[in-house]
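Presented as structure tokens, the chain that follows is alone, the form predicted on its own.
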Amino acid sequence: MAKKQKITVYRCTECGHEEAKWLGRCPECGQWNTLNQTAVAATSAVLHGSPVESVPLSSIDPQEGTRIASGIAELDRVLGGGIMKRSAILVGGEPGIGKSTLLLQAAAASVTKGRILYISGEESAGQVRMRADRLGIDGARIELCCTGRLADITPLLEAVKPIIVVVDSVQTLHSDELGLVPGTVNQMKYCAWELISWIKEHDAALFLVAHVTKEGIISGPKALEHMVDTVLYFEQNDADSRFLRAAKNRFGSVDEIGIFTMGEKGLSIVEDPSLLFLVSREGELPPGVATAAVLEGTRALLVELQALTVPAKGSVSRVFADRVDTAKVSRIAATLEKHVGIRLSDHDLYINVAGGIRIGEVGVDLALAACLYSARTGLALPARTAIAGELSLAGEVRPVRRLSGRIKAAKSLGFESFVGPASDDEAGTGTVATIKQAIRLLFS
């Protein structure tokens, strides 16, 4: 890391904007008399104006873009194949959901010969050791430091030279140059940028744990999400299941999902995720229940949808669905009313997804339409039947991605029939072209 010296800038206390000289009004936020003189660190390149050199793309070693296996298959899946070197990963989630547990397990299981530095600003060394013992983790490769002071962390990084750095959490970081109060917008941005700059220069990877607000978004400045390469959200349902999703990923897809269960020994991956989202019952299905074959990234899942329709209590019908977009439910209900002739506009619609997984994929449309029709008419869908397909406003059943993979997943779980759009890959599939054909095939 380049030698750092002190220079003086004028920083706005409202928005963090910096100027080389004092101004009466901040040009960024427009507030008056908010620019205060602050001493900050600057590299010798900035001080002496050393030019930045470029290199031909063909001369760059491709091994610089290699990944480190985390040792946890579900985490690697969401990250796009492993931990990318020189990347910063922000992990957010509700308190107690298992963020620290996940990263401590990943730190111990990662496939690397380098050293791992775990920086805890929320727990003492004894508390972290107690968690490691409970999880059965051998911490021989993990270096532990319990501080949030950036001035203590920076020399430690130079001394340890870790390949993976875990900071739990970013809200506890603080620099003496910006005051002693952690968690402020300027503190988080400045400290995170210093750590990100270090791992970019030293071919390492950085995990930043972040808290979330009541709305479920990462607390603090939104700019923090723009500074990192990957943003992961840890979610849970009412049971012990945990879902890991990527809201941003520069090195992979954001459609993948990691599924875990929380137990006494920490987080464990789910071998057959479809079993979490299907309800085991004997005999015929009750009205309002359908099985949808959905796609989460590259993985095909079988999920049970449950619908309930009751007469509206007011002049306007309402939609209650926390795991499926309410706008999607309203659109499908309107399509059913227009092309099938069943009245849903005077009913309140309740939609639930077994297992608590949130579904946003278009392939759930046809199953959701069948589920609503079944709930409204009181007619049950045939048992052991999986459904997939996108539904247009014209009542057409449109093709979906990887239909053959959905059919294969349904057959592996013992489903005898599959209803969806036309497919050349599988024979014997109940192919339909419109919502009318689908309703006729399913309820005849």
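So that there is no doubt, residue numbering starts at 1 and follows the sequence shown. Quantities reported herein were computed from a predicted structural model and do not represent experimental measurements.
From this point on, the text means the form predicted together with thymidine-5'-diphosphate, which you will not see here.
Contact annotation: of the candidates 304, 94, 229, 255, the single residue with a non-hydrogen atom within 4.5 angstroms of thymidine-5'-diphosphate in the predicted complex is 94.
100 is the sole member of 309, 100, 374, 120 with a non-hydrogen atom within 4.5 Å of thymidine-5'-diphosphate in the predicted complex.
Put simply, residue 115 is far from thymidine-5'-diphosphate in the predicted complex: not one heavy atom of it is within 4.5 Å. Although the partner is absent from this view, residue 264 contacts thymidine-5'-diphosphate in the predicted complex, with a non-hydrogen atom inside 4.5 angstroms.
Heavy atoms of residue 134 reach within 4.5 Å of thymidine-5'-diphosphate in the predicted complex, making it an interface residue. Within 4.5 Å of some heavy atom of thymidine-5'-diphosphate in the predicted complex lies at least one heavy atom of residue 211.
Stretch-level contact check against thymidine-5'-diphosphate in the predicted complex with heavy atoms at 4.5 Å: of 289-297, 159-167, 335-343, 134-142, the positive one is 134-142.
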